[in-house]
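As structure tokens, one chain now follows by itself in the form predicted on its own.
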């Protein structure tokens, strides 16, 4: 194996694969990248057995071949090298020589035969516009449960229909749901899959590298999900199990409504949270006809009081309701700037929030209240 690549091209791909590489593992090969020089390209692959990534960049290949190199070490070396051509050469006992300008390294490798095989990309089910998929992930992934025991909540539900796409995530205390219309050519049935949180994070990273007009080829087999973005392919194990019947918890009787500007209410909640209990992050919203008040207090820090005047009067009965400030701020950070509709039934029932300026998307956020 002998080839050369441009530093910028290599560094960009190495950055993209770092999130997939297994850092803490009892299987040493999973800390390595598989590099394969073929024709005029260098293929790079990484896997942690739950997820894999395969990417490619232009290369001047003098001698075709393959080997494995420690992923983190290679990344750290390459990003400190000067902006010049980097030359690689395979040596005996799986070592790899790296040269760039006046720098020279010999890196310990492992036999490429030990590297786990990644499944091949099957025929794609649909092509999803990159801008749509990026939007769906950004507006739901924060609500995914971090508790490993709640296996089916450790990912988001991706729901594809012939004329729409939906993503839903919940941790049992809050639920984020977004839907938009899009015609999928060749799709004649509904497809529902659970996408792990880590896979969504890596897909989002890939989408930042492409233009909005690009499309993501999506496919699945019996045990894997595939997201192909240009020449880059992300492979993830499919989460098994049954996602909760989220439609049953979507509020239908929240008729008490107040509209507030996103930036104003987010700023008020952030300030109140500074003196809230830092374990519960509990705040209290008091709703009256012509104002919304936000309170927070803790024995350790003191008290906070914020007052907001909505552009239109609150149309329900006066009430007070408690929420986790972090849960509200997660949603407000993801929502588009502009008016947010806060919708309630009573102080014991989940509240619903909807941004009114999300053009082309139906976005709602449901959060359980806290006992005051």
Partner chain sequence: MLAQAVKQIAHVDMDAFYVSVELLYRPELRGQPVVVGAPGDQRGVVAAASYEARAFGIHSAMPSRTAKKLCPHAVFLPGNYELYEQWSERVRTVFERFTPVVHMVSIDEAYLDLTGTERLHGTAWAAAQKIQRAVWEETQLPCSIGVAQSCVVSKVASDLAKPRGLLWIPVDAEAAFLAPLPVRRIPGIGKVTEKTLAGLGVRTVGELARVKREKLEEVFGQWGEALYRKARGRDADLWFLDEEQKSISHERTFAEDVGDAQQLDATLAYLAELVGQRLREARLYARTVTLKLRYENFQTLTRALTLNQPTDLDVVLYEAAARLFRRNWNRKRKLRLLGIAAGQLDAAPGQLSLLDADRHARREKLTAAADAVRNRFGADALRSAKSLLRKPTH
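Small disclaimer: the values here were computed from a predicted structure and weren't measured. Positions refer to the first chain, counted from 1.
The form predicted in complex with the partner chain exists for this protein as well; it is not shown, and the discussion that follows is about that form.
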{"property": "Stretch in contact in the model of the complex with the partner chain, which is absent here, among 241 to 249, 92 to 100, 112 to 120, 128 to 136 (heavy atoms within 4.5 Å)", "result": "241 to 249"}
{"property": "Touches the partner chain in the model of the complex: residue 279 (any heavy atom, 4.5 Å)", "result": "yes"}
{"property": "Non-hydrogen atom contact residue 314 with the partner chain in the model of the complex at 4.5 angstroms", "result": "no"}
{"property": "Heavy atom of residue 1 within 4.5 Å of the partner chain in the model of the complex", "result": "no"}
{"property": "The partner chain contact at residue 327 in the model of the complex, heavy atom, 4.5 Å", "result": "yes"}
{"property": "Output flag, 52, 232 and 236 jointly within 4.5 Å of the partner chain in the model of the complex, heavy atom basis", "result": "no"}
{"property": "Answer option from 171, 85, 288, 221, heavy atom within 4.5 Å of the partner chain in the model of the complex", "result": "171"}
{"property": "Contacts with the partner chain in the model of the complex - residues in 340 to 372 whose heavy atoms fall within 4.5 Å", "result": "348, 350, 366, 368, 369, 370, 371, 372"}
